[in-house]
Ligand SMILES: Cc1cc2nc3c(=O)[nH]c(=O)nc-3n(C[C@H](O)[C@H](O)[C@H](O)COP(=O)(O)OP(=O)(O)OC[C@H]3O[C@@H](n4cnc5c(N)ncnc54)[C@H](O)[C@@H]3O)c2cc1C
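Next comes just one chain, in structure tokens: the form predicted on its own.
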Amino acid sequence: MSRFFKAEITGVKLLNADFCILDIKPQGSHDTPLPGQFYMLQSISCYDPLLKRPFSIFRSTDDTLSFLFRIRGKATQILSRLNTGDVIDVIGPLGSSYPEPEGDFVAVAGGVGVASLYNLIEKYKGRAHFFYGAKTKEELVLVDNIRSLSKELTLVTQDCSCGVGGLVTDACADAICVTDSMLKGLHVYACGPNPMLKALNTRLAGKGVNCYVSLEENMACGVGACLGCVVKGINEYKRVCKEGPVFSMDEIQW
């Protein structure tokens, strides 16, 4: 089945001035995405910018794919202004997915990284201890939805405007690292800015945690051909779009 297809816009919902949910309906058959995979999207009404942009799958049903993104830059501005019935070009699903958790698990989202993890906690409803961090409370979106899907939700803001004050990595590590014996075999899933993931690695490395991270990198092709999204692994370089975006934390050289 081809991963290149056209899709019709079925909904554009602005959550606030910065965040948008885009719903699309593929024209014809399409593969079902797994949590953590992504798509390349582009409006066909304008080829400036020329390249498609990558977006993690946020939600999916039999006939609808949904994407949550921050409106930042020309491409996301264009997508956020599309109308119902407009048609876009799509490639996907692409990349690796989150491994299936065993029992309850921990999810750590920083900013728009929540888009990648939402599908995971929805699939395994009631099993996630979810740590969701942002700079301010205005950057925390869909909090009630996330709370209803999680076993427990901890909100963290850097400016102390909502929930716990500080960094989400510290809140997560402080909560779960009571004793090292509690961490053996624990599944942790994280998506957010690279400094957040690096800090999480610092706190959890060597503690027996099964930690999987979704990396955010600029992409050009999305299929591993251009080598534009390469990161340094422990033994070799990794293409985020092809070998990732989901990696075991200990595969990456932080």
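Start at 1 and count along the sequence shown; that's the residue number. Treat the numbers as computed from the prediction; the structure is a model and nothing was measured.
As for the form predicted together with this ligand, it is not shown, yet the points below apply to it.
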Selected contact from 188, 219, 65, 204, since only one has a non-hydrogen atom within 4.5 angstroms of this ligand in the predicted complex: 219
Residue 76: touches this ligand in the predicted complex, heavy atom cutoff 4.5 angstroms: yes
Interface membership of residue 215, this ligand in the predicted complex, 4.5 Å heavy atom rule: yes
4.5 angstroms heavy atom contact with this ligand in the predicted complex for residue 112: yes
Partner contact for residue 70 in the predicted complex: this ligand, 4.5 angstroms, heavy atom: yes
Heavy atom contact within 4.5 Å of this ligand in the predicted complex, the stretch among 167 to 175, 112 to 120, 97 to 105, 138 to 146: 112 to 120
